[in-house]
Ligand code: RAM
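Given as structure tokens, the chain that follows is alone and in the form predicted alone.
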């Protein structure tokens, strides 16, 4: 029997073929049976279940709303069926019109095909969810995830929103739960806010692996940590201390204020600074760029203006570190303000060579995505349950054991500088 995800794929192909027909239906005067204003915790699959009794009929609402929005701007234009916003006005077609939009049948009744176009029958489908799309760090993690998928014979889709927003992440995860995917690998925008939806997924039989940035216990099966949080935090202070000669003002430019990994690292940075060897280093500010390039750039500029004696900026986020280094270059302060933090070699190579960011650290995000998928597959396939002490094989990375806190640790980060940065390509 084909699984639900396969049915979704089949029907999406059918929908693509039916677009001209759908347009014709609306041209003949199909109207909205009722209008609906999106509420908190709504998603299209949930609304399809409410109005039609079929979570897989959500494309009817998607198509109808976009069709009427073409002539009536009071309706929302939906670019991504997985993401709808509170307050949007949706068109709910009648049962009859919804059937017409879907080719005369609801999606759950779509005819089966002999084989799936993208994967063999019975293949598992997992979803890799980053904090946000368009981020080089997460794109690199997806490269590793796809490598693991090819080795395991599974499908991994890469889905997220354009902004690092917990509410949008929750909406997406609710939609994926309704589609009954085989597993979720999520980098959380808010550790606590994602617990309820993670718990819902687990209750529905969908294992949840958080990676990079954890979902708090109760909302995930296992967390795949890139490196020990204490080691990352203390290492950042040790690195900036070397760059500024052990004395001077420093600041931290983080991602979002709710990002659990960032906050954990900052806690250990502050603890490291209490040691006697850092008595001449002063942390003057912690600011947030929300993992947006322009905002991070402006925050870095603001730090240099507010603190003219600033000697170092630590940005433990790939967006923030590149934006900070660019701000230092543009301000003509190379050699006066040293940027460090967490970044990828390809994005930071020019800044290392210019001296704006002489050294920084990171694990390989491709390996992190790779390990997340192997961990998820081990749980989904029943090789392990995800309990502390469980051991599994992760392809080229070797054997891993889940620790007493339900965490799998990738390994220690690497420090990149002018002596080795050209040896890496990610």
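Residue numbers count along the first chain shown, from 1. From a predicted model like this one, the values you see are computed outputs, not experimental measurements.
Unshown form predicted in complex with this ligand; subsequent notes refer to it.
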{"query": "Per-stretch contact check against this ligand in the predicted bound form, the hit in 64 to 72, 358 to 366, 392 to 400, 379 to 387 (non-hydrogen atom, 4.5 angstroms)", "finding": "358 to 366"}
{"query": "Residue 255 within 4.5 Å of this ligand in the predicted bound form, heavy atoms", "finding": "yes"}
{"query": "Residue 223: touches this ligand in the predicted bound form, heavy atom cutoff 4.5 angstroms", "finding": "no"}
{"query": "Non-hydrogen atom contact residue 288 with this ligand in the predicted bound form at 4.5 angstroms", "finding": "no"}
{"query": "Contact flag, residue 160 vs this ligand in the predicted bound form, heavy atom cut 4.5 Å", "finding": "no"}
{"query": "Proximity to this ligand in the predicted bound form, single hit among 175, 142, 135, 125 (heavy atom within 4.5 Å)", "finding": "135"}
{"query": "Option touching this ligand, based on a heavy atom within 4.5 Å in the predicted bound form, out of 171, 182, 241, 262", "finding": "262"}
{"query": "Any residue of 309 to 341 that, in the predicted bound form, places a heavy atom within 4.5 Å of this ligand", "finding": "316, 317, 318"}
